[in-house]
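Given next, in structure tokens, is a single chain: the form predicted on its own.
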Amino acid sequence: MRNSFVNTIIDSCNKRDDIFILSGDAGLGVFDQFKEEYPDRFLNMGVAEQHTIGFAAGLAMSGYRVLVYNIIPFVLYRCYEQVRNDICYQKLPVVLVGIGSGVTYAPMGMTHYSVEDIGLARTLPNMTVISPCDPVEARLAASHALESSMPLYVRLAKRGEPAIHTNSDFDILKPQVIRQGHKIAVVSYGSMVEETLSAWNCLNDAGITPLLISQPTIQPLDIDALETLLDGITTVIVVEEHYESCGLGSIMANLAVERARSFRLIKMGIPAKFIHAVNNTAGLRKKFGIDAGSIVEKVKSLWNGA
């Protein structure tokens, strides 16, 4: 997924001379082709996150379309003030490309996890947040990033995710149906869509067919499009590798109240506590009950009541 995003950007450089990439001493090897072909449009800024964002803002004000690439805690957390003041406040079209969504970097620990990044990004006016689920959505997110006039945060897992979409041309800003279904809708984003699809396949074998939705763009949320897809649904389950207290589930809970929606909302996410457990990504997903098996059990427990 990461390579699909980056390669789309690099391919666009054949037609554009305004693309500039800044790396925070990350992605070694990913940009070898870009550095060789466009040496004047790449800089490794090293371990200087705040300075990198300010530098990106200056380049953007000079007419460049700037991409800042780093692990999520170092592209958004450590330099939050600069992202807020230098980029979002001035509505500069800088693209923050964050790698390692959720617990992708298990077992490296909390310093490298990004389980609160959506909650943080939601506090930033003018910031669009996209979390692609597969290489198709990653390519579309990259194409949108090159044309958007607003600040953009793209969160990627970097786990070699398989292609999920068969259609490669759709609006990345709108929710997408992955599998048709009824009664219950399972909504997810990012690499968690792979878990929900695996769960759907198991449920389908048992004669249970929930509606499966990928929600790549989390901010701003196209609630009208989502409501259209949820028409007739009685229970919505939001599955996310993120703190459930400040992720997509919480966004939908607020909107459900504001729009007086009658569906039941279930949030399946990570409790808002520091993660002290040591495990790989699959192990942590199972521990927090957001793996495919846990999704299957949840849907089965709700199916008859729905």
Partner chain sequence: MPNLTEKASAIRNTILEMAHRSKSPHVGSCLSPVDIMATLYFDVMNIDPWDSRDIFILSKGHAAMAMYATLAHRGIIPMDLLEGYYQDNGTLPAHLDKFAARGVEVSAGSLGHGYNIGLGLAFGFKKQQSARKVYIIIGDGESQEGSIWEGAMFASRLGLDNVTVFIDHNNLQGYGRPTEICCYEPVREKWEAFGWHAVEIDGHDISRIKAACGEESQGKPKVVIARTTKGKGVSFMEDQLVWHYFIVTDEHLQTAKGELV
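Just so it is clear, the structure is predicted and the values come from calculations on it, not from any experiment. Numbering follows the first chain given and starts at 1.
Same protein, other form: the form predicted together with its partner chain, not shown, and the subject of what follows.
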4.5 Å heavy atom contact, residue 270 and its partner chain in the model of the complex: no
4.5 Å heavy atom contact, residue 34 and its partner chain in the model of the complex: no
Contact of residue 57 with its partner chain in the model of the complex (heavy atom, 4.5 Å): yes
Residue 281 within 4.5 Å of its partner chain in the model of the complex, heavy atoms: no
20, 81 and 90 each touching its partner chain in the model of the complex (heavy atom, 4.5 Å): yes
One residue of 43, 246, 253, 30 in contact with its partner chain, assessed in the model of the complex (non-hydrogen atom, 4.5 angstroms): 43
Among the candidates 117, 86, 134, 195, the residue which, in the model of the complex, approaches its partner chain to within 4.5 Å (heavy atoms): 86
Stretch in contact, per heavy atom within 4.5 angstroms of its partner chain in the model of the complex, of 270 to 278, 257 to 265, 233 to 241, 44 to 52: 44 to 52
